[in-house]
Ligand code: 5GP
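What follows is one chain in structure tokens, specifically the form predicted alone.
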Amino acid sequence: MNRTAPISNVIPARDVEQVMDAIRRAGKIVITTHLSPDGDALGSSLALFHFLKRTGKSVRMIVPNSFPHFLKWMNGTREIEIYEYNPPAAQKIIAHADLIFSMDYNISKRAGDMAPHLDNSPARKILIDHHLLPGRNFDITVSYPEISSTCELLFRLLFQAGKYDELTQTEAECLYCGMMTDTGNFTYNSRDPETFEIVSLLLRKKINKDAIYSQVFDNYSEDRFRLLGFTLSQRMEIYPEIHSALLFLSREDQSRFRFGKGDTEGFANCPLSIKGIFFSTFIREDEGLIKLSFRSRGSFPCNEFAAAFFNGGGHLNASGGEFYGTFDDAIRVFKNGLKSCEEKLKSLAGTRKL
């Protein structure tokens, strides 16, 4: 491998060495993700899982709950422990760990019911994440919000550690999947030329990027498309004067279409295809909470909106949040928040560079 590839050493060398030393010293390693793990959480965790197994480590991977079927093609998904299916077994694994990786989440709360067991574990803890405001209960923190995805960040860590040459095709596939999904197939959060240098290096590992795209985006159910059609025709509101759109689905709506995990993936992006819409929000009623996804084009900071009104965060053009209350209250809070951003949204009209 040509080490002159134009990839900056974003992570300080001391942090890279600390992570690699912690791995060398660990006997039992556990990799964890946030609730409802997405392509980036699973891709980064599985890539790390395979890397650690290949180096002879005893490693387990635990996710809080199940994940979409269109991500189950990745090698290793059958070895994942799902906490909600057998909490005592997962708790035992966590309790006996020497080293715990938290992948793609900044605070333990985002791991759901696993959180107190992670917090109480005496194991060393390593955070690898790209979200704002990382928690303080980690022994080693590798957190860079400016990086497109946790998969890109993990690649950079392994690359800086001199591990690129031994990276396998399987690991590269997992990393590419996370980079692709967390950038909407490189349509947002992917302006850094080095992101594409990394894609080039992954392609050199003989991954089939077109097949990966098809596995994720051409693998939906009929019910998902009928739900999307219903959402766009019956549950979409457009606010043209402030260049915004809202999609929303109650639990009752979802039940009409045999809703499955991941069926609403990408819904928040749809209104951005409408001329003049720069900010899109999708509100979905889930069990015990309301989930929100925000997408924007150009300079509107949807992550600031998520943080201000829904205890959320993320990136400039893609973020998420949560609301604990009624579905109607969540929509009301959103609309009030939208009013407070009217001037900023109206200012996008007529701009040439968005």
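Because the structure is predicted, anything quoted here is derived from the model rather than measured. Residue indices: 1-based, along the sequence shown.
A second form of this protein, the form predicted together with this ligand, is not displayed here; the remarks below concern that form.
This ligand in the predicted complex comes within 4.5 Å of no heavy atom belonging to residue 26. The shortest heavy atom separation between residue 286 and this ligand in the predicted complex exceeds 4.5 Å. This ligand is not drawn, but in the predicted complex it has a heavy atom within 4.5 Å of residue 291.
The closest non-hydrogen atom of residue 33 lies beyond 4.5 Å of this ligand in the predicted complex.
Heavy atoms within 4.5 Å of this ligand in the predicted complex are found in exactly one of 59-67, 291-299, 325-333, 41-49, that being 291-299. Checked against this ligand in the predicted complex, the residues 156, 131, 243, 224 give one hit for a heavy atom within 4.5 Å, which is 131. Contact residues in stretch 85-119 (any heavy atom within 4.5 Å of this ligand, taken in the predicted complex) are limited to 110.
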